[in-house]
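A lone chain, given as structure tokens: the form predicted alone.
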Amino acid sequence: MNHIERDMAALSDAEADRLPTYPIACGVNRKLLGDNVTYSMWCKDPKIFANGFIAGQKYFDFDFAIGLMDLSVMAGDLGAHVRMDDENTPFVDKHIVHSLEDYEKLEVPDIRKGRSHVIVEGTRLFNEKLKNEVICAAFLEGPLLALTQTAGAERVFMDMFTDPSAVHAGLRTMVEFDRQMVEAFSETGVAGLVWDYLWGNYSCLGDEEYNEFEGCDKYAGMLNKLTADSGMALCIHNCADLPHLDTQVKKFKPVIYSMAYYPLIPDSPSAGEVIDKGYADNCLIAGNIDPQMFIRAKTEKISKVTSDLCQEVKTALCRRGLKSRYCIASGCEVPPDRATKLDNIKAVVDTVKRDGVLEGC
């Protein structure tokens, strides 16, 4: 099978030659463009951004391509200060919400400028090059994640309980920002859009709170529908430790759900448990190799972890009566740090090609 045939089989739980794989290698791909290409250069130039994904596909032979940049894109374009180290993921170090009134002052920026433009145009460019080889998707921060990046998570969570109307004012701006980005991504030709709905997790919010501040029809519900209505498959990434699977998988009904696993945290769901509980019945689940292994582990170790995950997944799929509905991936982005070992990324792909072969139960 080629990549697209394998992807489509896994998405529909049809017979496939092997499990698909996509270590979420994004910013680290710039290393394939030369030692002089810094993270700052990669995330501020759409051509360099696209060339990183194109080079990564050629070198690693992934089954998907997802245009993740980082989680400070929207906050930075809204005016928050983003610390931009040469070799590490950018992060917001100065927020712009310091009072309740500041939520009302947030305004959607011109998405034809800033890093919003870079990610949209860069996604268009790599999709044009790779769309006949792999399924390509854009990546976008959900409204609550964008607001916590802009205002600070601690402040937002406290204001939810003391002044919820102010938080809702900020969320309305984020939803409009997201709406415009969805429309822009729909014009790039990508097959799907991956939403990062990070805060749908029980470590931070219960079902009631999450539904009020993101999961309801006027926020995520509207954006999910807009995604589908715009011709893109709905995909969700959530690398939190205790995700709201009933909401984000069964209620939202994405075609792909990407998640992490934290073995030291009680009740963190493993790949096998997620399959056993029926979440892969109608959704391709992706996960969940520890991203830090791509920096810290020896190649033999990450190969063994990948092989064990393949076996766990194949066994669970058989127990559930499923054929192929799982993608071997990292639980979150492969660190874009210069210390990340490219050999470890390649080892994951090569191991899945060998040990992810599907031969029936």
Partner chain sequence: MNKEEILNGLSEAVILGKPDQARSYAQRSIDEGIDPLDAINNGLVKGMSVVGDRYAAREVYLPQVLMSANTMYAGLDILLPMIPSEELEDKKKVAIGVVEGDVHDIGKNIVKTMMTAGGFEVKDLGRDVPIETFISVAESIKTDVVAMSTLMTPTMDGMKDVIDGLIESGYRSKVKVVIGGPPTSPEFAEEIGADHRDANAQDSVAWLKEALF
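A quick note: this is a predicted structure, and the numbers were derived from the prediction, not measured. Positions refer to the first chain, counted from 1.
The following text describes the form predicted in complex with the partner chain, which does not appear among the structures shown.
The candidate site formed by Cys204, Ile265 and Gln292 is fully in contact with the partner chain in the predicted complex, as each residue has a non-hydrogen atom within 4.5 angstroms of it. Looking at His117, you'd find every heavy atom of it more than 4.5 angstroms from the partner chain in the predicted complex.
By the criterion of a heavy atom within 4.5 Å, Gln180 is excluded from the residues contacting the partner chain in the predicted complex.
In the predicted complex, no heavy atom of Cys216 sits within 4.5 Å of the partner chain. Using a 4.5 Å cutoff between non-hydrogen atoms, Lys250 does not count as a contact of the partner chain in the predicted complex. Residues with any non-hydrogen atom within 4.5 angstroms of the partner chain in the predicted complex fall in just one of 218-226, 109-117, 146-154, 129-137: 146-154. Shown without its partner, this chain lists Ala169, Met84, Ala80, Met160 as candidates; in the predicted complex, only Met160 has a non-hydrogen atom within 4.5 angstroms of the partner chain. Residue in contact with the partner chain in the predicted complex (any heavy atom within 4.5 Å), chosen from Thr89, Ser270, Ser186, Thr173: Thr89. Contacts between 324-346 and the partner chain, taken as any heavy atom within 4.5 Å in the predicted complex, involve Pro335, Asp337.
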